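The form predicted on its own is given below as one chain in structure tokens.
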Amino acid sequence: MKRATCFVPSVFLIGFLLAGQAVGFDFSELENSVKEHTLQNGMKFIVLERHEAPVVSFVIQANVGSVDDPKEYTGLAHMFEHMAFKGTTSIGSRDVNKELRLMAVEDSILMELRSEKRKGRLADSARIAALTEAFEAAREAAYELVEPNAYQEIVRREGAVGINAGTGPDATTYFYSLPSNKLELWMALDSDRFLDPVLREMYKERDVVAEERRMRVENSPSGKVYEELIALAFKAHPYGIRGIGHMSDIQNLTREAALAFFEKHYGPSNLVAAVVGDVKAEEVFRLADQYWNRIPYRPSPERITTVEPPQSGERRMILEDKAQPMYSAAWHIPELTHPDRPALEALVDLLGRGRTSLLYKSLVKEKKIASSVSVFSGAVGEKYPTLLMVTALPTPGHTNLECETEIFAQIEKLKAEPVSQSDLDKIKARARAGFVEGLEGNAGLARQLVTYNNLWGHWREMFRELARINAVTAEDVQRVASTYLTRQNRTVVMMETQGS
């Protein structure tokens, strides 16, 4: 019976909150059900027992994202999303000793090739061609010994679902779910991934990432606009570089650099794991001590000290492309943990979330000058000061500047008149529902626990979220609009159709 009361089913919670009663809801029972344990090597485990079904979700988050990419190696953090389940010395190879020797040959030729390319226009083109051919041959020889997807096949046979990984500006996350009687299997396999990784097939994945960049950025009008917008908005902070990296950096990534990055950022004190489901916390902690403590302690890297200087005037760029016109504007706002962020989130909702938002009603429904408009925050990251963005697609016969005029007019109205209490109540209800939806299911809960732990310093801040939402006033929304949505704090990028 005690187990059954550890968690109120989320479906019930959502309905409860949507009914407007969340203000008085007591999350303390759920919060008190969460247990944590830090291993001797510094790795933290967070466990929430939920015994409704015999399944368990595992999430590991490394406190490293694209914001931590080193110079000349942008896209390196993202590469570890692609290398997530490539195996170890005992999983993934037909003959690991021979494979490691071939990988060393592969790396050696690549370093020679990279060195020659560094000479720029003085490089020997014939030598580059010869080294490229030798590298391709070495790469193919190493790949012949790979057992593709060996790790995934093992865990899938044991019932794993949702095997995946994701890279953001601030963190990299690995996750999947298993039947709850496979807890020790996960402990053994996943700890091996971090203790004894083999970065096999890395240069094949490098080509996959390069193609991903072509698709998401170079052949995507919205990708181009976004890349130019953040680059123009950030002069100093690495949030100005897209997480996928520059093409030349992707094509020159080396295993040597990747291993150095792993050694620096994937130490156990920079990892946090959340285990949510049909498990006993004490058993999780016992097995974590047994398996994960095998990884030697390494100190956590320090936060980035580069601070984006205040913007002192509007920045503006016009891109030309064969695509249809597109409008985008961004304003600098504080990081997620800043006291102004709840009011800024309310402002984002009021301006541009959904068909009842001010910009949608004005630009799309009434004036019909845009086919879509959206507003969002934190897209470049949340650990450091970030951006609030507005995007709009003008309808045929209308222009970016018409959209801009109307967007700025609506923002000025918000500065002049506070939002009504009834509108603010609706915004808060949506925020509360959105927060609770993020907690739905074992996997969702686990992801939220590790994310709050990394961004706020402790997972308990997750349970303060509703209080922060409820505390927002109409005056707060008006104040943050006046403080942050100013001309001098603004960056604009417009795409105009070539020849129009």
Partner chain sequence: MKSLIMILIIVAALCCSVAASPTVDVTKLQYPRLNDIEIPKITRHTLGNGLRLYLVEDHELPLFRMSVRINCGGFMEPADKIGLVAILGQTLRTGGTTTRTGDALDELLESIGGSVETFGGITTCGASVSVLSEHTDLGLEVLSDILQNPVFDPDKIELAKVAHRSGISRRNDQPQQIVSREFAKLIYGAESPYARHTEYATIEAISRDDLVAFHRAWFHPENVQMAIWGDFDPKKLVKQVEKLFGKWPRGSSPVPPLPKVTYKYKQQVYLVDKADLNQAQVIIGHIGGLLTDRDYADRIVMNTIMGVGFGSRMVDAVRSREGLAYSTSSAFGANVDRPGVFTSYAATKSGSTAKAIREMIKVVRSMQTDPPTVDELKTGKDSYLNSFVFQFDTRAEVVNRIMDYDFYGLPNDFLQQVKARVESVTADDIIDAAKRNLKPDSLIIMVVGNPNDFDEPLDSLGLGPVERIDIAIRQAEAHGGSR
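Numbering follows the first chain given and starts at 1. The term rigid core refers to the most C-alpha atoms you can superpose between the two forms while keeping them within 1.5 Å. As the structure is a computational prediction, the values presented were derived from the model and not from experiment.
Although not depicted, the form predicted in complex with its partner chain is the subject of the following passage.
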property: Residue contact check: Ala433 to its partner chain in the predicted complex, 4.5 Å heavy atom; result: yes
property: Heavy atom of Arg353 within 4.5 Å of its partner chain in the predicted complex; result: yes
property: Contact test in the predicted complex: Glu72 vs its partner chain, heavy atoms, 4.5 Å; result: no
property: Ala53 within 4.5 Å of its partner chain in the predicted complex, heavy atoms; result: yes
property: Its partner chain: the contacting residue among Leu455, Val34, Leu439, Ile469 in the predicted complex [heavy atom, 4.5 Å]; result: Leu439
property: Its partner chain: the contacting residue among Ala123, Leu232, Leu100, Leu401 in the predicted complex [heavy atom, 4.5 Å]; result: Leu100
property: Partner-facing stretch of 257 to 265, 336 to 344, 405 to 413, 183 to 191, counted where any non-hydrogen atom is within 4.5 angstroms of its partner chain in the predicted complex; result: 183 to 191
property: Interface residues of 370 to 406 toward its partner chain, as seen in the predicted complex [heavy atoms, 4.5 Å]; result: Ser371, Leu393, Pro394, Thr395, Pro396, His398
property: Rigid core superposition, Ser362 Cα moves 2 angstroms or more between this form and the one not shown; result: yes
property: Val64 C-alpha relocation of at least 2 Å between this form and the one not shown, rigid core basis; result: no
property: Core-aligned C-alpha movement of Ala429 between this form and the one not shown reaching 2 Å; result: yes
